[in-house]
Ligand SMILES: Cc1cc2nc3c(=O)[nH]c(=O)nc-3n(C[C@H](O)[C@H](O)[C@H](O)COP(=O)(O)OP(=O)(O)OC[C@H]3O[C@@H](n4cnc5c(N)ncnc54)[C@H](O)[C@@H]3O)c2cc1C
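Here's a solo chain for you in structure tokens, the form predicted alone.
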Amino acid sequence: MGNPKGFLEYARKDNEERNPKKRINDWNEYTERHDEKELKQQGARCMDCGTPFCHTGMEWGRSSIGCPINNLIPEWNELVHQGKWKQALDRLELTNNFPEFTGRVCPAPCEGSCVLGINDDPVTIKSIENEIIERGFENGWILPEPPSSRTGKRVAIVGSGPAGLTAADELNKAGHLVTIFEREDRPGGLLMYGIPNMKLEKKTIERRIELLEKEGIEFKVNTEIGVDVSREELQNEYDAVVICTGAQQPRDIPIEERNSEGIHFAMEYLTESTKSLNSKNEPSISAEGKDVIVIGGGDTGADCVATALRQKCKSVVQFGKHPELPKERTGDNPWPHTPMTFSLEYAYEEAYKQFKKDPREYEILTQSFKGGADGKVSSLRTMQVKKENKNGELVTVEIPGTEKDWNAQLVLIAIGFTGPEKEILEHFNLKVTERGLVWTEKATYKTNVEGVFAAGDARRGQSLVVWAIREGREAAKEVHDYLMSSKLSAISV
């Protein structure tokens, strides 16, 4: 390492964030970039640790350990420290198709597994990664690189989220003719409509889509498989099909007066918000002037909080059924697991500055909704809960006498997803798992239908963007092997 004592000399420094009170008045990204000197110092904090757990990329229970796509993190940290940005970009692109996405929205399991994090603050891997790719674009190092020859084989990708884009990118590089089918009006899937602008501005996605198009990938938007194009048409026109539709079937709360107007799934709300910004029209679902309650304590719920603030809500509260996370790791969450510790994410900091209160309510369960005479939701009732050990298993127990009514004119349900939508699975006659996910042969991406593969959340369930990229890369390898070993003769063009 260029500075073996860098981790002793420099403290961790995260990206600066724009003033919370000001940034809720726009939809621009909330983070700012480091300067050159700061970045070199942060890169120098990377230790010569011998076994860099940051890029191990494995699952342990429900936790990710290290980077799932095995980014060569110590190598490009060192190159950044030396000011060799082009070489750092070359290293980064060996493993990651879209660093501009992961560098913004990935929760960075790599940092949770950083060896320095055992007894100090981990290296700022995520912000360095994002800076490498942004400098690549700014310096003109990232240019269209269409393949020099084509195999003549045609591949259809269903879904343009991170898994679909990655599989398409890899298969196109291998010389196959790739078409991506997207039912929405713009490519990007979850990246475009599931993640709000303040975390991932849409011009970043559009920049990459334009590059992929110049490299030869065809995008067909406003096209739903099973409606606009049939399974038979795909299988007749293409040599392989890859299902990358994500896990977009939302988990619901079937309780009293659930059908009241003003109760929406979080993804519906976030999608409509982004579409309204793209079209410059008023959103069909708005938090303006309303008491907003978000049910669900995860990242999607936090994005709903931030969106409601920008729409000038009257108040916003987020419910979670779990206790508040501890400030430090607990004994059952040791390094190198992803740390499950308390943090004031961007949305919560914004809400705190606006309303002088953290919007999160913990260990709380929604019991019923209440609608007015006009059919619109007006309030909901909750009860406090606690975790108890019963026969060696933690269960959620309601606490009698803790009922409470909350005013709400907009309720957003953000409690996760149950799997891919059934229509596409049934249309392809795909076998499913007990969880309702696309079944694939063990340790492969092959479905029960010849020539049809699956990758991303549709196959593994709701997960991280970085896992979707890994799945897309691995599925593309299998599709390539299938195409080149099939009875169809390769055509050189």
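One rule holds for the numbers: they count along the sequence shown, beginning at 1. Please read these numbers as outputs of a predicted model, since none were measured by experiment.
The following text describes the form predicted in complex with the ligand, which does not appear among the structures shown.
- Within this chain, L464 lines the site of the ligand in the model of the complex, having a heavy atom no more than 4.5 Å away.
- Taking the partner from the other structure, the ligand in the model of the complex has a heavy atom within 4.5 Å of a heavy atom of I424.
- Although the partner is absent here, I225 is a contact residue: one of its heavy atoms lies within 4.5 angstroms of the ligand in the model of the complex.
- Contact check for S113: every heavy atom lies farther than 4.5 Å from the ligand in the model of the complex.
- Not one of G43, C46 and P122 places a heavy atom within 4.5 Å of the ligand in the model of the complex.
- With the partner removed from view, the residue among R183, H337, K353, K173 that has a non-hydrogen atom within 4.5 Å of the ligand in the model of the complex turns out to be R183.
- With the partner omitted here, the residue from P107, G320, G117, G262 that has a non-hydrogen atom within 4.5 angstroms of the ligand in the model of the complex is P107.
- The stretch among 194-202, 289-297, 395-403, 355-363 whose residues place heavy atoms within 4.5 Å of the ligand in the model of the complex is 194-202.
- Contacts between 160-184 and the ligand, taken as any heavy atom within 4.5 Å in the model of the complex, involve S160, G161, P162, A163, G164, F181, E182, R183, E184.
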